[in-house]
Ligand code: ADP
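What follows is a single chain, given as structure tokens, in the form predicted on its own.
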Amino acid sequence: MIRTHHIYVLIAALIALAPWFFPESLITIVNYAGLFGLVSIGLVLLTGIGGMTSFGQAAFVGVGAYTSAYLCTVSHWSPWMTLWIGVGIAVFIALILGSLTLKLAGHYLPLSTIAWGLSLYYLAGNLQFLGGHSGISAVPSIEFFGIPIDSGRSFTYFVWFCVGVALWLSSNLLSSREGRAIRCLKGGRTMAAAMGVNVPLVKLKVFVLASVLASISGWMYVHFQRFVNPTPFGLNYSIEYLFMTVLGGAGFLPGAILGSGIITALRELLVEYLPALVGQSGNYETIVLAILIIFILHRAPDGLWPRLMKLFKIQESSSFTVESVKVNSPLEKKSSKHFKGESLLVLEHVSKRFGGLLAVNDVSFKVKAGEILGLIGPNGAGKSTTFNMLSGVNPASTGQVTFLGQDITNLESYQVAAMGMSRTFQHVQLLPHLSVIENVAIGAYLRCDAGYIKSMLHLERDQESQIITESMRLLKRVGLDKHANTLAGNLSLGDQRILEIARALCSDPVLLLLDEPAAGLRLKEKEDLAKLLDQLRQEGMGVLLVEHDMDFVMGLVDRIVVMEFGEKIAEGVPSEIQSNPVVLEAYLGSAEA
């Protein structure tokens, strides 16, 4: 079986031999592919995995290039000193842009990065101290430990060494606690927040990281070219960086290298041979390149790298598998014990209004430690809306929600999760392209503290080992341990619901909110689920359960709250609810009919 690290070794060998055997023209293409690949790695993290589109990466490249060019030629600073200054400026700008736009949904980030990219392009072209459109020349070359990097061949080793480091750091990050949070940004933000992930902060961190990689690429570019003007930092180059990323495979780090290499080589070939074929000069390479990209993406919408993985049976190298990390002690429990009967969650006259629609009206009830409370009612009764109010997805319009004695009415989901509340979802929310054990590990986010630096440098391995051990313990508890390394998307719907429960338990909650956990389960699976919930009750955990299977509910829960049309119409033990005429008319009776 070929793994991605075997591909990296092959690329490294080719790069090591290239300066000895390639002509100068090919060496230049290899160097540019490395520079562009560094930007594309950032876009894989930001766009392909994080789901955020930026049209301003070329502008961040320009920040690194212009900062170093100006400080080296005017102030005669060391190129290495200017690297840190350029990165600092890029981080500052990314923090401002990200803080203003990343909390908003939709098109705000792409539009803001377009505006930012255009502004830098015209600013650099009109400021005389930056050389205007003529640019800055006579930029000094770099020295690396006393070795001058003043030729294309020596630059090859330097730029690809930096690309290799970036790939290693990024790969480490993606296989860590923070990397799993990044993977949740594309299609799993609500779930991630329910597991304690501060989604806006994670988005900002990824945006800043991509800007840093682009800035470093610009710094290397200017010392390779020894000259800079605004042309390579316009909007068209930002679009080309996105093309490279998408063409190679936006969700895969090797795709960044593949896409940048293909487009760089194609552009150089088209620039050289097209004028002779057409019979006149012009930017025909852009037209041909666009047509080729459209054709390739039509045939391979996920990019070329996934196709190559399937064709040559390449498997991604993952450090997060049961076999890859030594067994360690499970994570320490953080949730404090609560006495049976102690109030955990209290709703007092809670209502939720969406414009003119009153979805939930004046609902009050309590959930206690060591009990299972069932929340039932017909479709459209407001049960899921109530769940969303409790977990911080949609805060209540009026009334108060108290958890562990603290008012959580207006808290965000990740803040509520940090207090010890975890949940599952009516419509399963998993990351189907990750393994079962990796999905469970997302729940452990709040129980660990390794940040980006530790993760990228692989200094969090002991903690990751604990997470794997804890995740396996919970998979065994719910009966999914034999599927630990299976992709979550390949599980049946019933197993996916059980997986969600394991993930929620991995956060070590005080209170567990289950939204229709028995839906899609067979009879034996329902019996096993009932046994698990009974064990959690015996351990002192509170459980709030929304479910339509009345046989499952009546034989399991301690108390029941019944809702209809957004209002609570009854509350009591199962025997009282089953004989309540109002409930029979509204729900149970109609169900029997």
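In case it trips you up, residue 1 is the first one in the sequence shown, and so on. Model, not experiment: these values are computed from the prediction.
Beyond what is shown, the protein has a form predicted together with adenosine-5'-diphosphate (ADP); the following relates to that form.
Just one of 122 to 130, 265 to 273, 306 to 314, 355 to 363 has residues with a heavy atom within 4.5 Å of adenosine-5'-diphosphate (ADP) in the predicted complex, so point it out. Only one stretch passes the 4.5 Å heavy-atom test: 355 to 363.
Tell me, which of 466, 429, 385, 112 has a heavy atom within 4.5 angstroms of adenosine-5'-diphosphate (ADP) in the predicted complex? Of 466, 429, 385, 112, the residue with a heavy atom within 4.5 Å of adenosine-5'-diphosphate (ADP) in the predicted complex is 385.
Taking 4.5 Å between heavy atoms as the contact cutoff, choose which of 148, 405, 106, 380 touches adenosine-5'-diphosphate (ADP) in the predicted complex. Looking at the other structure, the residue within range turns out to be 380.
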